[in-house]
Structures are given as C-alpha cells and as structure tokens.
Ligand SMILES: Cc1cc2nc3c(=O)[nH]c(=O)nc-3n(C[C@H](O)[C@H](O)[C@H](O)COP(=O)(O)OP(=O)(O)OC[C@H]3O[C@@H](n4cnc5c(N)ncnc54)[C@H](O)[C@@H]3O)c2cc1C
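Single chain ahead, written as structure tokens, the form predicted alone.
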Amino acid sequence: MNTAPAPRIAIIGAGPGGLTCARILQRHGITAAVHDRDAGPATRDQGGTLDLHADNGQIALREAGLLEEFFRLARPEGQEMRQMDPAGTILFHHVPAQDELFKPEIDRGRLRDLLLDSLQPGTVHWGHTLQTVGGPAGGPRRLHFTDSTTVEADLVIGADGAWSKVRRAVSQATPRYSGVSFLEAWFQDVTTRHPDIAELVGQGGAAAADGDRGLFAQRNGGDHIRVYIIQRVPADWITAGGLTPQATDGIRALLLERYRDWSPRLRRLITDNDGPYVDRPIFALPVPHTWEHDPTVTLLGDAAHLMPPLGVGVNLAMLDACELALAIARHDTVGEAVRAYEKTMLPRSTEMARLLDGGAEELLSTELPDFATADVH
C-alpha cells in the first residue's frame, strides 16, 4: 500500500482462508486484525483431513512462505484412494507415486496451527462473535460484536463461512439445503482398536455408493479415521424419526436398516464408531452468487461461494485469500484492491459453482465419481 494512514483491515473468521489472508498481508507489511467467535484455538474440533492442491491451495501457501513446512507436515500417502461397490468389491485403487505431491493430505487442525503460528502475536482476537456490520458503504465500517464491543474498519473481509454475518452487508443470499446429508462417525486408535477398518480404508480414503446411499471413509492423522455416511434425506431426518443427534443407538439401528443390503464389512463403518455421530447436512449458495461492488466489504471462501464438498472448498478459500491480500498490497486503496480481486474471484467461483451445482448427488452415484478429490469435513 502506498497511501497513509494505513487502512484498518478486519478479517472475520480464523479458518484457513482468514488466516492465510492475514499471513500474506503481514508478509507485505500490512496489519490486519482477525476476529473469531471461538474462545480460543482449541475450543472445538476443527474437522477432518483435507487435500491442498498444487494449483490453488499450495499457491497460497507459497505466497505465505509456508509451503516447505506444509510438506513436512502433510501426508502424501493420504492420496491413496479405493472405490468399491456395496458388496465391498474394489473397483478402483489409486496408490500415489513416491514423489506425488499434487494434493497431499493434512488435518485441518494441523493446517490451522501452521497458519496461526506464522502470525504476529495478538493478530487473532478470540471470543469475538460478530453481530452486524454497520456504517456507510463508503466507510468507515463499524463492527458490532455480541459482547457489546465495536471496532471501526476501512475494509471488512468476510471469511466467516457458510452462515457468514459479513455476507449480509453485501448480499441477501442464504445457503439452501442440497437434499443430501452427511453423518460423521469417528474411529480412534484404528491400528489397535479397529484393525479391520484400518485395512479396509488404507492410508487415504475408501468410498462406495448405491444410488441412494453412500459411505466415504478417510484416514486422518493420529491413527484416526472419519467416516461420512451419505444419504438423500430431509435436513431434519433425525428429529423427524423421533430421535435426537445424541441418540446414537437409535440412529445406528435406523442406519443398519437403510444399509441392510450392504456387505457386513462396510456396515462396520456404521456400527463400530467411537462416540456419537455428527450430523452435517450439506448446504450451498445459489448459483451464481454475486453482489454489487462495495469498497469496504468483500467475501472469500464459503462466505462468497459455498459449494458441495467436492474437493474445492478450502483450496478456493486459500486462493481467494492469497489473491485478495496481494491485491491490497499492490493497489493504492482498499477499494481498488477489492475491485481487482472480485474481478477475478467472482467469475472463477461462478464457473466452479456451476460445475458443482447439484454435485452432492454425485456422491451417491453408482458410477462412483472420483472421491479422491473429496474435501469433506
């Protein structure tokens, strides 16, 4: 930035997108404050594993100066993929080459720690739940948090995910239920406690589907496996069945009935999990999702273009963050930077969203799409 005084930049959301943006800005000598609703970095589980692609997520990490450290932490062996039919017959098996690094896996929590540790102390303000974005479109903007504090900013960056509060300042769009829901199951210490499942899944992922139901199991770090039970059901299917999300035995019985024709070995992915299930209905923003340019507010990642979990979510968020940070560093005003960023980001995200529109249904297809690209969490 060439102008003075320096712009006050507020990033809402300390996920991979928001933290990547802050890191690259700091590398260019630009200060940004990150506000997150969590009480701290360890408040909640950060989700499963994800793959960072050489043509987007890794580009962002290179600009952040973190690519070599990422490769030290990542699991290239996680690129292994097995696709099966409901009988458990392997239809396709990809074993990555020893030097294959196009999309190595890393646990979301480990990626977040990598980004957090790279930031200047005090960058992230924990326990800040955004309530509204006020102030005139020309700025300055006033951020109102639920703890009654307020912050003024010349640029507000919404990196606050699917149910973004920042989005409301520029768009009336809200996510819509896709008709497909994930139920997440966890398996701990799989080498000793679940050796059969560990062998079934391998070092990466294993998937099967029958047209109406699917299973996707994915190896995480720390000898942990997460399984995603995929169904075409109403969003409230658990409560509609007279159950609560904590009614593990009741949900398990219902699932066993629905998957009764599947092989006993695959059904163990439903029955042998440690602890309760986690309900994750899949939502997406309308396509296309665009908004009128506002020089003081912009969006990145799921806040801008929530899509089905088909391998692009975090990668696009980090690429968005990278391009936005570089635009801010290279333009005289934040308004010019935002315009330049959106000129590239909006067409790209619209094109990708159109390709993936309705894509949640593909997770149930008997043609078995390339689950090796999946980025479920």
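Each residue number is its position in the shown sequence, starting from 1. Predicted, not measured: the structure shown is a model, and the values here were computed from it.
As for the form predicted together with the ligand, it is not shown, yet the points below apply to it.
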Spot the stretch among 266-274, 207-215, 298-306, 76-84 with residues whose non-hydrogen atoms come within 4.5 Å of the ligand in the model of the complex.
-> 298-306
Among 128, 289, 194, 103, which has at least one heavy atom within 4.5 Å of the ligand in the model of the complex?
-> 128
Since exactly one of 342, 51, 63, 323 fits, which has a heavy atom within 4.5 Å of the ligand in the model of the complex?
-> 51
Partner contact for residue 159 in the model of the complex: the ligand, 4.5 angstroms, heavy atom = yes
Close approach of residue 69 to the ligand in the model of the complex, 4.5 Å, heavy atom = no
May I ask you to check whether residue 27 falls inside a 4.5 Å heavy atom distance of the ligand in the model of the complex?
-> no
Considering only heavy atoms, tell me if residue 315 and the ligand come within 4.5 Å of each other in the model of the complex.
-> yes
Counting only non-hydrogen atoms and a 4.5 Å cut-off, give the residues of 81-116 close to the ligand in the model of the complex.
-> 108, 112
